[in-house]
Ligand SMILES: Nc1ncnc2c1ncn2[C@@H]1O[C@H](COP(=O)(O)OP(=O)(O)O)[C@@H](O)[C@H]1O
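Okay, here we've got a single chain as structure tokens, the form predicted on its own, with questions on binding and movement later.
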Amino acid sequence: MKIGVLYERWHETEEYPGENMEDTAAKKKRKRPKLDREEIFAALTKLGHEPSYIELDGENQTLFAIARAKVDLIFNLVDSYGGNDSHDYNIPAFLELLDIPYTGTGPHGLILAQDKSVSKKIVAFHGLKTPFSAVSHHGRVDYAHDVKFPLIVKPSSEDGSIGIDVGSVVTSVKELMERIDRLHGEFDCPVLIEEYIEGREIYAAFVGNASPEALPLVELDLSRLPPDTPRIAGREVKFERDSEIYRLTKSALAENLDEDAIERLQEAGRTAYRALRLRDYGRIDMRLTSEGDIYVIEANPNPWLSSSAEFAIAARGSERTYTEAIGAIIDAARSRYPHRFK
């Protein structure tokens, strides 16, 4: 097939996030890691497809280029438009208007996953545990008498740990109000005030649609963080390569889980995956407490597909190569267009 790899550059403002690349020695010492789109392009080539890049720049000319693209399928890697993360759902909506097949979650699922306060209500409706929460916006706060300290405070409509750092966990009303004020000033969206759940950070990845396959569970190990540092997956943990916090954490296949816990975690993840209308591939983030309780934290449609990311780790745990994992995503997307692909 001819496959267009659709991406945008807004998150690539630094060649090495968190590092001072003015240091020529650092430039010579480190070889630039491949971007996810480059790895996907190579995988598609190995699978016998004809990939090409389509860069989204936030201008109408790009949209016209997509409409004119002579491809059979779009591999959608876009998670913003014009630098606005909240506009990501417009891209698959545009592709649907053009009747162009594409990979990943559609506009409905992206909207549901993006609005954390709504997604939590949907998850709870389906019988899953999720931390008690309230939403604050423009001085108004939801009724939430069950919320108690410590709390984690984060933007309600952002992803990629945007707005989440070591200061996100608060233990007093003063800290809570200061954090709310800071986030309101930085982001034009409601603030989610959520009960902080202590426990293991578990990621459940899935491939497929009607009967999504659960991949082996992945854990972000936060146990080595300093005692006074909240055990959360904030920006420091995920992206600040030169920070001590980044060096002390890592993701790997989850260990020391009994069969019952694995089954319950995967079933909770599968329920959330379906309820929030994720498609083709996705990841559900959960917390497992010392008492064995499972809390769904959030959904990640179209998660990062770098070979070092959690989805790829889970795929390797299922005895798939990176190329085979990309092939599984393509197969899942094709299955949604039976009239186009036979």
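Remember, it's a predicted structure, so these values are computed and weren't measured experimentally. We number the residues from 1 along the sequence you see.
One more form of this protein should be noted, the form predicted together with this ligand, which is absent from this view; the next part is about it.
Enquirer: Any chance all of Glu213, Arg279 and Asn302 sit within 4.5 Å of this ligand in the predicted bound form, going by non-hydrogen atoms?
Expert: Spot residues vs this ligand: no contact at all.
Enquirer: Ok, Leu225, Ala233, Val166, Ala261: which has a heavy atom sitting within 4.5 Å of this ligand in the predicted bound form?
Expert: If I apply the 4.5 Å criterion carefully, the residue I get is Ala233.
Enquirer: Using a 4.5 Å cut on heavy atoms, which of Glu219, Asp79, Glu195, Glu240 is close to this ligand in the predicted bound form?
Expert: Of Glu219, Asp79, Glu195, Glu240, the residue with a heavy atom within 4.5 Å of this ligand in the predicted bound form is Glu195.
Enquirer: Any of the heavy atoms of Ala252 lying within 4.5 Å of this ligand in the predicted bound form?
Expert: Ala252 lies outside the contact set for this ligand.
Enquirer: I'd like to check something about Asp285: if you look in the predicted bound form, is any of its heavy atoms closer than or equal to 4.5 Å to a heavy atom of this ligand?
Expert: Asp285 belongs to the contact set for this ligand.
Enquirer: Under a 4.5 Å heavy atom criterion, is Asp115 part of the interface with this ligand in the predicted bound form?
Expert: Although this ligand is absent here, Asp115 would stay clear of it in the predicted bound form, with no heavy atoms inside 4.5 Å.
Enquirer: Can you check whether Glu201 is within 4.5 Å of this ligand in the predicted bound form, heavy atom basis?
Expert: Looking in the predicted bound form, residue contacts with this ligand include Glu201, since a heavy atom lies within 4.5 Å.
Enquirer: Just one of 312 to 320, 293 to 301, 56 to 64, 33 to 41 has residues with a heavy atom within 4.5 Å of this ligand in the predicted bound form, so point it out.
Expert: Answer to the contact question: 293 to 301.
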